[in-house]
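Consider the single chain below, provided in C-alpha cells and representing the form predicted on its own.
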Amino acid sequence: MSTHPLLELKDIHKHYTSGSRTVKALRGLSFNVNSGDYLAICGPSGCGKSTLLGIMGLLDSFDSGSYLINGEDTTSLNDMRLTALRSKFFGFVFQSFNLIERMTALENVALPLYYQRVSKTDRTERANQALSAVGLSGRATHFPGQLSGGEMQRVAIARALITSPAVLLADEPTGNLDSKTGAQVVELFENLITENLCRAFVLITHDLQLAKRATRQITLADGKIVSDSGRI
C-alpha cells in the first residue's frame, strides 16, 4: 500500500496573458489530497477554482511549483505519460454534462473504454454496471434528449466512474440543475467513497451550502488559499 498522498501540490503558480495584461490565476497553492478525502474547493467567480481543477486533472499546465500524483512528479513527464496518467487516475464531471446526443446513455458511458480498446462485450457489461451504480439501469437505451437534467448528470457520473478512477473531479456539477435535483446528485457523490467507487472526490463549487457538506473545504480568493479546514 502506497504511503504517498494521492495528490501533492506544492507552491503552484499559474498566470495568463491577455493583451498587455497579466492575470495571476494561482499564486503559490500548496495542499495534499489523501485517500478518503471529500474535498470542496470554493470561492467566488474568478478566484482560480476551475484553473486549479484543470491543473489537478492534468488538463492544464502550470508555470512553477511541483505536482505529484501518487508520489510521481508530473513536471518531468512527457505528453504520452501525462495522457496515460490522466486516463487512469482521474474521472471528470462537468457542469454541461458533455454527452453525445446521437449516442444512448449506455454508449455515452462506455465511450472511455472504447478509447482504451476494451472489447465491446466488456464495455457493455461495465457500462451497465456503472449505470446501475447511479440508479439508471432503466435508462440505458435512452438518448440524452430523452433524459432529465439530473439523469444526464448521472450518466456523466457513470461515464466518469467506468474507468475506476482513483480521484473524481467535479467542476460545478450542479450548476445546471434545480436545487432539489442538485442535492440528489451531491448525495450520489457522497456515496462514491463509501462504496469504494473512487478513493477521493474533489468538488469545485461556488455554492457554500454544498461546500459545507464536504468533509474538508478549501476556500480560494484571488488565486490564493485563504482557508483550509484540513490544515493543522
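Source: prediction; values computed, not measured. So that there is no doubt, residue numbering starts at 1 and follows the sequence shown.
Note that the form predicted together with a small molecule isn't included here; everything after this is about it.
- The partner is absent here; in the predicted complex, the one residue of C47, V186, L192, L58 having a heavy atom within 4.5 Å of the small molecule is C47.
- Contact with the small molecule in the predicted complex, judged as any non-hydrogen atom within 4.5 angstroms, is confined among 37 to 45, 174 to 182, 161 to 169, 61 to 69 to 37 to 45.
- Interface residue remark: A221 is not counted as part of the site for the small molecule in the predicted complex, having no heavy atom within 4.5 Å.
- The small molecule in the predicted complex comes within 4.5 Å of no heavy atom belonging to A214.
- By the criterion of a heavy atom within 4.5 Å, A25 is counted among the residues contacting the small molecule in the predicted complex.
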